[in-house]
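Have a look below at one chain only, the form predicted on its own, in structure tokens format.
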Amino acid sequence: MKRKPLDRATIVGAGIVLADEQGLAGLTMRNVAGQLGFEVMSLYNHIANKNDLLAAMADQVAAGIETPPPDLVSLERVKAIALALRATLVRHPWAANLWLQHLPGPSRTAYMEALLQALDGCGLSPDATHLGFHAVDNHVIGYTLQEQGLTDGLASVDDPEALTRDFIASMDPEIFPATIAHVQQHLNGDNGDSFEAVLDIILDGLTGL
């Protein structure tokens, strides 16, 4: 069977597939080349190096961020953009870390522009728009990174619940009553998904600016 000609988009797509399956730890130029049926040196005709590949992968993931319906206005539009980014990063959990390591490409820049324009459309001052962008963007990325780190960390533990109970038992209830109650709430599983609730708190705070 004749191989599909190699190009940059094909290499980036293969990198995304590998990262989705194995995480960034399993992503090497050699693995990408092997998946495509080429020698690794063939990739360097289209990709400068692994750093270039990672930056391109992050931007390609950003191209998949869903555009909110045109009838959404004000904070509804801001929230829809934040939720769309969140959904994209959940599909590709390795990508959140790359957001912090690489300058934005065209697709990430388009996402930034959309969020900034949505905030500006809320009637915020330039300073409030600036703060609002970082509050919303940092919440989405930070929450995703924390969630991913927790998932990866617990994956190596045989009994996460026992580990959590040991952590609670190690604290003096007279010194750390609030922390114990907080961790116990996680253990009870009655706190739900806090992502959207915290996002609403951020958006409510922006209206005060």
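Quick caveat, the model's predicted, so the values are computed rather than measured. The first residue of the shown sequence is 1; numbering continues from there. Rigid core: the largest C-alpha set superposing within 1.5 Å between the two forms.
In what follows, reference is made to the form predicted together with a further copy of the same chain, a form of this protein that is not presented.
For the residues 65, 36, 141, 47, the 4.5 Å heavy atom test against a further copy of the same chain in the predicted complex is passed only by 141.
a further copy of the same chain in the predicted complex comes within 4.5 Å of no heavy atom belonging to residue 40. Put simply, residue 71 is far from a further copy of the same chain in the predicted complex: not one heavy atom of it is within 4.5 Å. In the predicted complex, a further copy of the same chain sits within 4.5 Å of a heavy atom belonging to residue 97.
Proximity of residue 91 to a further copy of the same chain in the predicted complex falls outside the 4.5 Å heavy atom cutoff.
Using a 4.5 Å cut-off to a further copy of the same chain in the predicted complex, each of 113, 185 and 209 places a heavy atom inside that distance. If you take 124-142 and check each residue for a heavy atom within 4.5 Å of a further copy of the same chain in the predicted complex, you get 130, 131, 133, 134, 135, 137, 138, 139, 141, 142, in sequence order.
In the core-superposed comparison between this form and the one not shown, residue 182 has its Cα shifted by at least 2 Å.
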